[in-house]
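The chain below stands alone and is given as structure tokens, in the form predicted alone.
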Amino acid sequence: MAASRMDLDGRPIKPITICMIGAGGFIGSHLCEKLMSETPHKVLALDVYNDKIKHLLEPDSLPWAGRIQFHRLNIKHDSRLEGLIKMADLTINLAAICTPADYNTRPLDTIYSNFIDALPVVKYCSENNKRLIHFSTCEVYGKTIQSFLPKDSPLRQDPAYYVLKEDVSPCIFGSIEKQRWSYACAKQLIERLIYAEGAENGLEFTIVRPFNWIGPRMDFIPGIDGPSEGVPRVLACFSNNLLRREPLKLVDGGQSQRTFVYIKDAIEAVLLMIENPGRANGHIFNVGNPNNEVTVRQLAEMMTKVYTKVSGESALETPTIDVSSKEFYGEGYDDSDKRIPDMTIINKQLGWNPKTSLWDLLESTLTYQHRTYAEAIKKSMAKPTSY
């Protein structure tokens, strides 16, 4: 396997050691699977939890045994971090607080997690001449220029005013009192620091801006594999409602527009970045699927249809209800209107294009969630017997 694999320029791909911070999460678990099953690379998997990668760690008879090592640590306060980065050829940083409900209710934790806690990772990579792939977010773009134009302006139809380009589009956030932007601002600042380390100190880096990566094991279902009081991201929120046979809650009418990409497509893009450093270093990459654009309301309608198909259950008489952002997220919430990624740079550098349609990725995700969570949801909703 190792000898026959070639990079995009026809050179043999040499096995490397990867220090993956946040390996136990949604993206990390899928990336670990890909690396174990299709490459010769070794992974030092760092995280607080390993539930989503346990199937890769046990038993010792697995074909990749010895190529993945789990290290339980919190990068906030663990002296082992620099040593593990030194042991690797490449560090991938996936660690973050990235749930919108937390941005304006836990702004300090959000800023510390996404900026302060990432500083040592960047520092250790730069000082030890280690390559870094850092995961940022599409939220760094903030609001589109289009959203500031008059509703009847013909310029609103011009892609130049709403398609998001890594090297051109500005990052436009709301006012300071709108603490929802604490996440995007922290992510933007760490991007600027990484870029500066590259310019001044020669750090080899790649920055990834994910646009709503969707698939099995994403996010959490409140009260089942996450806190009962938690509010996950939109797709998991809708999944939770569908599993519990509750109306899907549309924040401010569900008019925001989003694009969604299948996790397995996105992981293909990350593997190309890992194995083609000459083409990926120094670049920021949008990773999304502009063909899978819908309003949040349209997403709710499609998910209802897909869930009816995969579960065999009838649709609710009232499938959706409207709620205000203040009621759903609390004070300080704000949002971007539209997020469509320009794919020119990643296509040119890595030849990557997403393949999976929105219907297909929703069917894969909801089939997994229905199979995995439906019984647990029923048990959690069962009322105790009264005597």
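Each residue number is its position in the shown sequence, starting from 1. Just so you know, these numbers come straight off a predicted model, no measurement behind them.
Another form, the form predicted together with a small molecule, is not on view; read the next lines as being about it.
The three marked residues, R180, F211 and V296, each reach the small molecule in the predicted bound form, with a heavy atom inside 4.5 Å.
Among I267, I133, I190, C138, the residue placing a heavy atom within 4.5 Å of the small molecule in the predicted bound form is C138.
Residue V251 is the only one of I111, L164, V251, M273 with a heavy atom lying within 4.5 Å of the small molecule in the predicted bound form.
Of the candidate stretches 165-173, 146-154, 124-132, 97-105, only 97-105 has residues whose heavy atoms lie within 4.5 Å of the small molecule in the predicted bound form. In the predicted bound form, the small molecule sits beyond 4.5 Å of every heavy atom of W352. Interface membership of S256, defined by any non-hydrogen atom within 4.5 Å of the small molecule in the predicted bound form, is confirmed. The small molecule in the predicted bound form is approached by F238, whose closest heavy atom lies within 4.5 angstroms of it. R339 belongs to the set of residues with a heavy atom inside 4.5 Å of the small molecule in the predicted bound form.
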